[in-house]
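Single chain ahead, written as structure tokens, the form predicted alone.
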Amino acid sequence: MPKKVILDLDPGIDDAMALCMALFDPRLDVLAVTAVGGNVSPQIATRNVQALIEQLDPPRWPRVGVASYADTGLPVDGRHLHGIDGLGGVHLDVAELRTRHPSEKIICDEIRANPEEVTIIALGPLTNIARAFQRDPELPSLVGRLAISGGTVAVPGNVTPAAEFNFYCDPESARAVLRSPCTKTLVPLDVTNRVVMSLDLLNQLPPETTKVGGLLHQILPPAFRAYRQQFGLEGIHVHDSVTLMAVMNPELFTAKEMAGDVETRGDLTMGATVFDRRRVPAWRFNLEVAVDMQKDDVVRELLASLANSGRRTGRNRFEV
């Protein structure tokens, strides 16, 4: 039976790539895709979620959740890597939703309708998850599992020396979610940084005549250019896609129970993840953390999932 999932994302090129795989994988039943501000503003994130689903036209359309600003606003965004619209400047067409529901409401509705059966895959800041848990205090105990792309254990951050992007964007929500009683798996930069997709990825994508291939061939080249200009890298990180692989292929990852929290203040440390790794820790274990993976197998599965998505989509309607 397919695993019921909710994708919570802030697209973002990497988020779009993960969405391409999830919507067409027979192992997943994507109940909803909820937008959150992060790489781009909440308004653009919502538009991008709608546009991506329309462009991909999956066999079963998920519900769409509308993003709103975090209480503290967004201290940073990712448009230097993802383009002004978050998708490499592609500017996909989109139809306005007639009925618009906040992302946190969609999350609450789907969890309540499928108690203990739904995995939430959080690929952006944790604003929506924290608000859903605040809206319905019983919800954490009804979530099957929460998989989080974010944080660091022993490596530097990627937006400040101490903080990873998703947690830095909304540290208050990240702290609230990590302290919640739901079953959680964190996939931090320590693991996701190990996968760097080279330019050869472009040769391994589905054909441009497919909907998935047509989209990815448009949005990925700008990401490679941005990584080269910003970091001097001849490749791109795909943090969110690696987190999706941890949900789809957990046997390829090694996880460890840990006690973690998030710093919500400090000029130098806001958004940093802190773990009690003392010989005799005083904190209680509150989440599972991915500490290793079979990298080559993860990359192989990622490419196979992209190829599968290409086979399962129809012809690209924008192809001449």
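A quick note: this is a predicted structure, and the numbers were derived from the prediction, not measured. Residue numbers here begin at 1 and follow the sequence given.
Beyond the structure shown, there is the form predicted in complex with a small molecule, which is absent from this document and is the topic of what follows.
- [ ] Sort through A132, V212, L123, A174 and report the residue having a heavy atom within 4.5 Å of the small molecule in the model of the complex.
- [x] Comparing distances to the small molecule in the model of the complex, the residue within 4.5 Å is L123.
Open item on the list: Is Y168 near the small molecule? Define near as a heavy atom within 4.5 Å, in the model of the complex.
Closed with: Close contact is absent here: in the model of the complex, Y168 is far from the small molecule, nothing within 4.5 Å, heavy atoms only.
TODO: Decide whether I111 counts as a contact residue for the small molecule in the model of the complex under a heavy atom distance cut-off of 4.5 Å.
DONE: Output for I111 is no: heavy atoms all beyond 4.5 Å of the small molecule.
Open item on the list: Does any part of E164 reach within 4.5 Å of the small molecule in the model of the complex? Heavy atoms only, please.
Closed with: Within the cut-off, so yes.
Open item on the list: Does any part of A223 reach within 4.5 Å of the small molecule in the model of the complex? Heavy atoms only, please.
Closed with: No, A223 is distant from the partner.
Task: Which of 237-245, 102-110, 199-207, 212-220 lines the interface with the small molecule in the model of the complex (heavy atom within 4.5 Å) - done: Comparing against the small molecule in the model of the complex, the contact stretch is 237-245.
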